[in-house]
Ligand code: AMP
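The chain that follows stands alone, in the form predicted on its own, written as structure tokens.
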Amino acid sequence: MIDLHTHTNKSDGTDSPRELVNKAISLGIHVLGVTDHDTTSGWIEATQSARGEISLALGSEISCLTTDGISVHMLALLFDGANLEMQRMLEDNRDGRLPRMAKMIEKMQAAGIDISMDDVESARPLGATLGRPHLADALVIKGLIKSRDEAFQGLLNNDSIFYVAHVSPTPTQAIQIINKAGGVAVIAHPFASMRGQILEVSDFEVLVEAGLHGIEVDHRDQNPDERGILRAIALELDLVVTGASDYHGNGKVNSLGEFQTSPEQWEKLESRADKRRVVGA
């Protein structure tokens, strides 16, 4: 089993890196991607927890924004964690999250929704990268919604009047920096229409020119038709096809290992990094 997209409480998941690795081991997962939003802070604990037959593909999910204002998430895997340009990009993204959150809260307050930054900070685990899921958790705690999923289908959807984008690299810029850091770039759930605006088929050629390596095709937020289109794009452009859970612990219904990457596709993806950086077996 190979699951290349998961989150811990270092961003917006609920499991610690150790708990995540332990769950993956218990399920028989052989390769686990640890990809917290805009941070590598969970790498050390995850590495210390790896044992037996499990291997870790350490990475990060990078928040990007197209020139047309479409939110895109780019999975960066197997890059050099000490690369300064990469770490600067991650840090800049983290720094942009606080003013963005303040603007979203301001919009909600103006609409009569009883929520504050203190509420969000109370819902955010210590040291976690601030994000919309923590706002969703705060709304749940206050009884304003029932779950994170409800929030992302409504109040916090990309098309919501409360949504605010933050300063981020374009997908092309992120891909180029990932490549410079020796890693591989996989675009995450690019056709997840339930989240809001999505990319067009024509967008992928530009991303490939920038150095894109793969497409996350099998993901619960993409329906069978969307997956079929993405699989055809990957075949035409010689991109790796991945599948992953996008696991967040108790924060989302996604189950660890519910979608997977084939060993053949994983081998192809790993070979495109500038050196072997898999941790473990």
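Source: prediction; values computed, not measured. Residue indices: 1-based, along the sequence shown.
What comes next is about the form predicted in complex with the named molecule, which does not appear here.
The closest non-hydrogen atom of residue 80 lies beyond 4.5 Å of the named molecule in the predicted bound form.
Within this chain, residue 195 lines the site of the named molecule in the predicted bound form, having a heavy atom no more than 4.5 Å away. Among heavy atoms of residue 119, none comes within 4.5 Å of the named molecule in the predicted bound form. When the named molecule is considered in the predicted bound form, residue 37 lines it closely, a heavy atom lying within 4.5 Å. The partner is not drawn, yet in the predicted bound form one stretch among 120-128, 142-150, 199-207, 174-182 has residues with heavy atoms inside 4.5 Å of the named molecule: 142-150. Taking the partner from elsewhere, no residue among 33, 227 and 231 has a non-hydrogen atom within 4.5 angstroms of the named molecule in the predicted bound form.
Taking the named molecule as it sits in the predicted bound form, the stretch 231-254 comes within 4.5 angstroms of it through a non-hydrogen atom at 248, 251, 252.
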